[in-house]
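Consider the single chain below, provided in structure tokens and representing the form predicted on its own.
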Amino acid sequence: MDIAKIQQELQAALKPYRDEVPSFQSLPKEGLSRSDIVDMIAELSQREAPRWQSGKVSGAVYHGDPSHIEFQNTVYNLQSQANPLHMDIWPSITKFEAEIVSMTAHMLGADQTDDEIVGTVSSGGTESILLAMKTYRDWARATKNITEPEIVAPSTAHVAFEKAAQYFGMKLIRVPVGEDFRADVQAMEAALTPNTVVMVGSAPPFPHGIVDPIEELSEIARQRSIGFHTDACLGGFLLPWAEKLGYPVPKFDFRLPGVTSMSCDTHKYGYAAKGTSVVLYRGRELRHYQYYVSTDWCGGIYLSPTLTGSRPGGLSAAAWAALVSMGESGYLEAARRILKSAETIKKGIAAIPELRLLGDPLFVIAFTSDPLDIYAISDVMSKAGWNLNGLQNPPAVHLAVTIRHTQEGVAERFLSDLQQAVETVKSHPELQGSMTPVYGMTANVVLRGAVDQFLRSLLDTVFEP
């Protein structure tokens, strides 16, 4: 592996503006004019916008309509100085966050259970998952005297569960999924031990978009008196409306008595600005294990509901505004459009003999190729301007369908370009995919064979000016 070449490609992919706009390794002697700064940021934004505006990006931007963006920006501007840490100064943010939690909870079955469903607003899906796992660790320590807590999760569960285990000194037991890419109920149950504090299921998981058998898994957890967390970060704001539209959506929320917590991202299919999510619990007692309280610090009594202290209240205001402006009718219509486009794309992929769909997802469409290199196909699609998420184990790619893909002609253009990419790879068998999947990256960077230390150097590159 040519490390120098790889580093050059990383630099080109991650730092495309280095020689085109001013770069600052230390503070300028004199501050730049505000107009020059705004012009520079506007230029960079305008260069990056066409790709996601055109609907060629998987996920990432879930709404993207200019009027919606302007509305969100207006709300954020009005509350740009607000900080929920100082709840006495900005009680408006307290109002917004309490209502975000309540609206999300009711959407996810709170009105169909006798239990009280409560929660908090977080900075995103990863923090929601971290908070829930920290909560189960502390709950099990206090109520069961478990000092070596374990999480049992399918292999498809989000990597944030691994991060939580690493951060909080927990053991994550990954269980292989079945041939249908759903959690294997019997294998999950067999993985439980006296140290298990929580089981996990996804609705749906990021890789393949197929909802786990939450009903069966959560009932096992209930019978064992352990926690069950449904990760609905991706589907929480779409699946309830898909169900109302008549699509086959299995139960995954608080209607199931064994579900004791959920994570659900307002900044995905909730169409809020990036930086908000909701974590929910069955009952206040469980939520109390999430909180941090200090009563004897010389700086005064301190309390914080989440991992952070200061938080951007403007984002919570914008999330609240997104929810109440969309309303049930808005979410239903968005889901209808997305699912219709997803059906078109699924049928088109299935009609290409060299490609194979993984399972039968609703809106996150994963596919592979048995005779061809799927990463080579993805490379060709990238050259045509498309961004597909690369998967591994097995090698595959997926497209997370959003409102951007419901624009006229986008689904048809995707299928046409995909067919052409397949033909290109067929006619050039020497082509090999240059992409090892890296979550969150939109460029194909040569990383095949990379190991842990090399990935850490990638992050080093990100923070170099």
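Keep in mind the model is a prediction, meaning the values are calculated, not measured. Numbers for residues come from their place in the sequence shown, where the first is 1.
Here the subject shifts to the form predicted together with a small molecule, a form of this protein not shown in this document.
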Legend entry - Contacting member of Cys233, Ala183, Leu388, Ala319, with respect to the small molecule in the model of the complex [4.5 Å, heavy atom]: Cys233
Inset, instruction - Using heavy atoms only and a 4.5 Å cut-off, determine which of Tyr271, Tyr375, Phe206, Phe254 is in contact with the small molecule in the model of the complex. - result: Phe206
Legend entry - Exercise: Asp265 in contact with the small molecule in the model of the complex, heavy atom 4.5 Å: yes
Inset, instruction - Mark Gly125 yes when one of its heavy atoms lies within 4.5 Å of a heavy atom of the small molecule in the model of the complex, and no otherwise. - result: yes
Inset, instruction - Check whether Val278 has any heavy atom within 4.5 Å of a heavy atom of the small molecule in the model of the complex, and answer yes or no. - result: no
Inset, instruction - Find out whether any non-hydrogen atom of His158 is located within 4.5 angstroms of the small molecule in the model of the complex, and reply yes or no. - result: yes
Inset, instruction - Tell me the stretch among 378 to 386, 337 to 345, 185 to 193, 198 to 206 that has any heavy atom within 4.5 angstroms of the small molecule in the model of the complex. - result: 198 to 206
